[in-house]
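The chain that follows stands alone, in the form predicted on its own, written as structure tokens.
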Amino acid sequence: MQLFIQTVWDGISTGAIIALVAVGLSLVFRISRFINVAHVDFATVAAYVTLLVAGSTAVAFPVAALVGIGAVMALGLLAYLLVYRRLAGERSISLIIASIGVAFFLRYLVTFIWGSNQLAFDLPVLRSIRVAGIRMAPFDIAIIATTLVVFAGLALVLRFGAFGRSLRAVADNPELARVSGVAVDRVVKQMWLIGSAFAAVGGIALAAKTVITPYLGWHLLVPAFAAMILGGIGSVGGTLLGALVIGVVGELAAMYWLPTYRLAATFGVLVLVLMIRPQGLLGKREVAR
């Protein structure tokens, strides 16, 4: 039983990282109507920029992480202005193909600059604590706490803030929103900044747990996509819940089945849920369409 609970805890930690990346992916999809494949490579760039700043200056790691997040927010906005905005109105497949091109460009750019060897943040080794027999690494606790705080803040902004109302209006009907006085272009730019920031936080969190390679973010694409669909497109709470389910199911499959069957188990759950609720756990049917 203790092994089961330990595995669930590890799955929650993994799911928290997936949630950070998935919610940015979901925001972009909700308003731009395409899967931005390069989103996960934004996460990779954030890890490398943080590594560069932390390794070449005397600033503390949290400051270096903020620099990495800021750099990726600028990168996301630049990608929108230079690539995606120019393709606005085109078929979704054209935007997806363009995002694949952006993803490959970023991946080979970081490979050219930093190489393909595994790198890691120079973080202190902290002893895990035990709660009721469950081993909890301080990094896992920090990642889960950060995810919960960030999601709570985002939910409040989207539910009660003026930006959230404008975002919903643009997502539902951009033309009607424009006629109603909503600055559509400004809202879309803000959404790209926020979505990119979430990718950056997720990438830095994953890099702190593992190692940094040019494929760091790529490994998150499929789980993040699955979490977005499972939770319900456009639902902040649903994305968090979907990511936690994906993380826990993946860890349980790796522990009690085979690690290579992790994706098979998570997508099996995804299919079962969608057969019952096509709009996802907390999604709305009209959005799913």
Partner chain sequence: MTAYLIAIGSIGLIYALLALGLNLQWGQTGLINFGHVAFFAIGAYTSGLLALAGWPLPVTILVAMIVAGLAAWPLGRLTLTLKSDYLAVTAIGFSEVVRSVLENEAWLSGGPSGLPGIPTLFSGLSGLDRSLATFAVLLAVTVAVFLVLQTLTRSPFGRALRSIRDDEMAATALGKNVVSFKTRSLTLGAAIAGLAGAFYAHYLTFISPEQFTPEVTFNVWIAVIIGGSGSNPGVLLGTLILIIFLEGTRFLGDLGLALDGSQLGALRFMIIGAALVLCMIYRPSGILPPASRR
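Worth saying up front: this structure is predicted, and the values here are computed from it rather than measured. Residue numbers count along the first chain shown, from 1. Superpose the two forms; the largest set of C-alphas matching within 1.5 Å is the rigid core.
One more form of this protein exists, namely the form predicted together with its partner chain; it is left out here, but the text below deals with it.
For the options Met73, Val102, Val188, Val182, the residue carrying a heavy atom within 4.5 angstroms of its partner chain in the predicted bound form is Val102.
Within 4.5 Å of its partner chain in the predicted bound form, a heavy atom is found for none of Ala58, Phe61 and Arg159. Here the chain stands by itself, but in the predicted bound form one stretch of 121-129, 138-146, 169-177, 80-88, 80-88, has heavy atoms within 4.5 Å of its partner chain. The shortest heavy atom separation between Trp218 and its partner chain in the predicted bound form is within 4.5 Å.
For Ser92, a non-hydrogen atom is located within 4.5 Å of its partner chain in the predicted bound form, even though that partner is not displayed. At least one heavy atom of Phe225 is located within 4.5 Å of its partner chain in the predicted bound form. None of the heavy atoms of Thr210 is located within 4.5 Å of its partner chain in the predicted bound form. Shown here without its partner chain, the chain has Arg107, Tyr108, Leu109, Thr111, Phe112 in 107-144 lying with a heavy atom within 4.5 Å of that partner in the predicted bound form. The two forms, fitted on the rigid core, differ between this form and the one not shown by less than 2 Å at the CA of Arg30. Once the rigid core is used as the reference frame, the Cα position of Ser56 differs between this form and the one not shown by less than 2 Å.
Superposition of the core reveals a Cα shift of 2 Å or more for Phe267 between this form and the one not shown.
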